[in-house]
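Only one chain is given next, in structure tokens, and it is the form predicted on its own.
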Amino acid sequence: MIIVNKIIEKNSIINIYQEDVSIDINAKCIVEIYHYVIDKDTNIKINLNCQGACIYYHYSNINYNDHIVNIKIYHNEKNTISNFYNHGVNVLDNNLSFLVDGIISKDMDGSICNQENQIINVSNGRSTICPNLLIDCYDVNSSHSAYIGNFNLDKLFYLQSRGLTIDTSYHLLIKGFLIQNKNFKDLENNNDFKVFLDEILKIRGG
């Protein structure tokens, strides 16, 4: 097990490839994290310890065996913000579970806690998502979503209408799904993740 422990006190963009993460944000700053995991259990703990602390967390997982992803976000001060985007691809007929807790305790007024959770089953995987908002405060803004399934057929049809094969279209959607936001260049330099992305299409039968 490799654990990343970080104390952050300034605006930061961070890339993480280890499975377990503990982060304390102790200043009024914006932190953007891209976290990539291949076929491992994952534990993520985030503490927002200063008013104005804000985190955007992009978690991507390629899964081949039974694994559990535990994520806990603690809003320990007023006016803190968390936005989590958790994306997983369950390649084989295994179980990938996302257990995500956003925790806002009493008197943490003005806090924002959002989470978007999606798992794509390539084969006949058994996936679960438990998005929890544990809130003991009225003056907050929070939301969560959970999706398990495959890609929208309209997206595949659109790409095919532009001349791409169904397998190329599917592979492109998988890459876009896992390589979130603007971090494509850094991930292209991580050969392990690139190899596993390419293997997904082969396992699917492309």
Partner chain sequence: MLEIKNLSCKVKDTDKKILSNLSLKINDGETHVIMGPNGTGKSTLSKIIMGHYNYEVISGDIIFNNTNLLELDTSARARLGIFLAMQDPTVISGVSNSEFLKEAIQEIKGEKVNLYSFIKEMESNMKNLNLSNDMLHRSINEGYSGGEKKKNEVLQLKMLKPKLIILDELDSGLDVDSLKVCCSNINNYLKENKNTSVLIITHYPRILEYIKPDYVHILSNGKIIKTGDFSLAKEIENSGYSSINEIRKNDYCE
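Positions refer to the first chain, counted from 1. It should be emphasised that the depicted structure is a prediction, and the values quoted were computed from it without experimental measurement.
There is another form of the same protein, the form predicted together with its partner chain; it is not shown, and what comes next is about it.
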Quiz prompt | Among the candidates 159, 50, 30, 148, the residue which, in the predicted complex, approaches its partner chain to within 4.5 Å (heavy atoms) | solution = 159
Practice problem: Using a 4.5 Å heavy atom cut-off, indicate which stretch of 41 to 49, 66 to 74, 169 to 177, 133 to 141 touches its partner chain in the predicted complex. | Solution: 169 to 177
Quiz item: Just to confirm, residue 54 within 4.5 Å of its partner chain in the predicted complex by heavy atoms?
Solution: no
Quiz item: Though the partner is not shown here, which residues of 115 to 154 have a heavy atom within 4.5 Å of its partner chain in the predicted complex?
Solution: 153, 154
